[in-house]
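Take a look at this single chain in structure tokens; it is the form predicted alone.
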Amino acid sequence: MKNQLLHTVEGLKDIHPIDTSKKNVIERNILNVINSYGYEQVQTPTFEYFDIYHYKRGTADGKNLYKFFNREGDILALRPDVTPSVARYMATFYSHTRGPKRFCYLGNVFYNNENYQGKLREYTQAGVECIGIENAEADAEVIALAINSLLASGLTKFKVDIGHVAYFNGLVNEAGLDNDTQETLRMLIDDKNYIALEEMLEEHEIKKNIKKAFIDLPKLFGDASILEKAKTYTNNKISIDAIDRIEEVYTILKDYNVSKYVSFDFGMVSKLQYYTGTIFKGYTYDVGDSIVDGGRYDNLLGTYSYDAPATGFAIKIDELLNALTRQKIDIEVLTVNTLLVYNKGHRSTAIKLAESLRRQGMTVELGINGLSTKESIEYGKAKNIGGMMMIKDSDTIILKNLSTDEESTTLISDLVEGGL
């Protein structure tokens, strides 16, 4: 019990003040970019009825959810993904309307990993959902928005890999594989388990070109030249149409001037079954997982009785913060400019001065902890506060630079126009 009182649950973590400040800056910068594209922010509940995330909708594996009961005996679940909640929200409040809707969100999600391997079980997502538009322009818009959001965070070295679920689906249909075999194949390709993949394919009678396509899928990634290579494995219409769609999206991304951040990956076969078209993931170095996931999900809203195409993405804020920290990318955060210390006789003056300086945009911490001057200086330096003000009398202040220890004197009436 003693250890439990001092430790967080496995997969959860505390975030210290400086990292919290950096995280807030990242979130604000990303939301500013997202809002500039016309996306309106919504908030959905942290937990919902379990059926919202039911596996039949392809949203999550039920055994990986945090589940509990309410007083009425209904099964509830902490959200593992915000997209299903936004889909439910859309069907609830816009059931009698049609036309494009652009929503964005910022919130925490929870995923009970079966095998914990250093991955967080609670993390923050910032994302968008573009609803009611089926075309390649919408696909390109959300990808460009994801890229510009990452750039706004300060990240500069990253790639967004683009794929299409229909390429894999077309090969599966051509091979005539049943659903269970498809899912096993999907898992092996996604895990890049080449040996098990080849062993599995040997157990089925599949045309040589299709078998080679499956074996090569995990390695079928790279620049735009990979699009032509993907066409050499098959001529089935589903897979070829998928390549054509990616090419169209890529052309539009050139107009957005973000194509240099793009690559292609036909081995990207998402475990989220609700994806139906173009999918993408963003990666950067010094982080072992993707920092953004997204794609088209044209059938999901129909499961909530609102049939509409949609596409979107979610940025993993915690992974992004890790990347920025490890890459030593500076994030400017609001820090305390001044420590204002005083004795009780000057308390009223100190409080009024602090409030006046705050209205002028300064960040002022009052020294109300009863420390001596020496202790206050040590405290200010330990907290990286830039300077200290010491009230000498009703209109005189000693200014001390805590970096250089230089001191000067000024008048309160000089700091506050019109006085206090």
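For clarity, every value in this text was computed on a predicted model and none was experimentally measured. Start at 1 with the first residue shown and count on from there.
There is another form of this protein, the form predicted in complex with a further copy of the same chain, and it is not shown here; the text below is about that form.
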Gly288: touches a further copy of the same chain in the predicted complex, heavy atom cutoff 4.5 angstroms: no
Touches a further copy of the same chain in the predicted complex: Phe110 (any heavy atom, 4.5 Å): yes
Non-hydrogen atom contact Asn24 with a further copy of the same chain in the predicted complex at 4.5 angstroms: yes
Residue contact check: Glu248 to a further copy of the same chain in the predicted complex, 4.5 Å heavy atom: yes
The unique member of Arg186, Lys211, Lys281, Arg102 whose heavy atoms fall within 4.5 Å of a further copy of the same chain in the predicted complex: Arg102
Asn235, Asn193, Thr156, Asn135 - the one with a heavy atom within 4.5 Å of a further copy of the same chain in the predicted complex: Asn135
Answer range among 159-167, 323-331, 299-307, 217-225 for contact with a further copy of the same chain, defined in the predicted complex as heavy atoms within 4.5 Å: 299-307
Sequence-ordered list of residues in 22-53 near a further copy of the same chain in the predicted complex, where near means a heavy atom within 4.5 Å: Lys23, Asn24, Arg28, Asn35, Ser36, Tyr37, Gly38, Glu40, Gln41, Val42, Gln43, Thr44, Pro45, Thr46, Phe47, Glu48, Tyr49, Asp51, Ile52
